[in-house]
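Starting off, we have a lone chain in the form predicted alone, written out as structure tokens.
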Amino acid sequence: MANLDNHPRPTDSIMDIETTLIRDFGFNEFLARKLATQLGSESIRLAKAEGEPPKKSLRVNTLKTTDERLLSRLRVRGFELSKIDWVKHGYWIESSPNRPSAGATHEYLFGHYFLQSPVSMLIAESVEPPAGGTILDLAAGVGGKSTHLCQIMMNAGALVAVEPRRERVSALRSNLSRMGCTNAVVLQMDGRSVSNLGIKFDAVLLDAPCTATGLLGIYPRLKQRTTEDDLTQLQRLQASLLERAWEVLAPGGALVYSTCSLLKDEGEEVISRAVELGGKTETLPIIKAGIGFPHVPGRIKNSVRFYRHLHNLEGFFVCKIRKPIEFPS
């Protein structure tokens, strides 16, 4: 176990912090240097907090039930839940029985809830899909945010969920069906080809593929496996996906960009391209509503960041940006 009393203080050099991350917490040299340079001594506190996975949470699926009905059923089964104030249908799982697990109850299997982090819920809510609109989820994965968007849309309008990997497409379709989503179209394709569809979307969600360094508490092996080549390739992919998302976004529409990454290379540096194209970053709706929630301002105006050691949440970058109705000359 690391001796935390000997950890570098804010005045210690980046090299000392990097050495501590490698020696005491098992980071490889590349990732230790990136975190030490970006976060300074905060990276030590972050590494300590990543020692165990964050608390689990769930989202009630109002397409199939109500908060009150689901909570009542789960409490009978021995679950203890508490409301997450800053997302509409999110609850912390404070304690649960040994059997069934949260992913094996009848309610889960029938799509009454989705196991999901609060930040992921926040990201989907930030899209604010217009009534009856056509929405794009450009990197849908297994469908956590896609199913949430369908819920917010109350199965009206249309959601196009794009995912290139076959195994994820299978899980995506299964989750959409389980959660009662009837307004979604799933396309197995590379998101960089989405402009070939010839569709202009009212809103786009791009939760981009990334190094997942915000999930070190869940996947500790990433401390050793994340390389400079990984980051370079993923940043190129993120930039390409963002350009395609911006291209197919209708004038006046909103793009929400997010990554579960701690690195500004995959957050601020990527989204700055949309700003260069004339996009205007917007305050997230939860902040507009005056609801206090844990976050740190990102380095791009109106963007936000989450860190495990500060918020007990996965590390995320989130930014919402509006496409101008008239393009700059």
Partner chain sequence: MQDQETHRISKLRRLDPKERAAVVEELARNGSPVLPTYPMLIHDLRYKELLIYPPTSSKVEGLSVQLSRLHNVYFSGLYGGSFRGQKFHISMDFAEYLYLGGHWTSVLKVDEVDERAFLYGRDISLPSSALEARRTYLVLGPSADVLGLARIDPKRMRLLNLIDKGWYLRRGH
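Numbering follows the first chain given and starts at 1. Since the model is a prediction, treat every value here as computed from it, not as a measurement.
Form predicted together with the partner chain: not shown, discussed below.
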Is G133 a contact residue for the partner chain in the model of the complex, using a 4.5 Å heavy atom cut-off?
yes
With a cut-off of 4.5 Å between heavy atoms, is S82 one of the residues that contacts the partner chain in the model of the complex?
no
Applying a 4.5 Å heavy atom distance criterion, does S126 contact the partner chain in the model of the complex?
no
Tell me, yes or no, whether F110 is in contact with the partner chain in the model of the complex, where a contact means a heavy atom of each within 4.5 Å.
yes
Indicate whether the candidate residues L205, V248 and G267 are all in contact with the partner chain in the model of the complex, with contact defined as any heavy atom within 4.5 Å.
no
Partner-contacting position among L242, L74, V87, C181 - heavy atom within 4.5 Å of the partner chain in the model of the complex
C181
If you check L149, L234, L122, L216 against the partner chain in the model of the complex, which one has a heavy atom within 4.5 Å?
L234
The stretch from 216 to 224, 87 to 95, 100 to 108, 249 to 257 that lies within 4.5 Å of the partner chain in the model of the complex, judged by heavy atoms, is 100 to 108
Could you pull out the residues of 186 to 200 that have any heavy atom within 4.5 Å of the partner chain in the model of the complex?
V186, L187, Q188, M189, D190, G191, R192, N196, L197, G198, I199
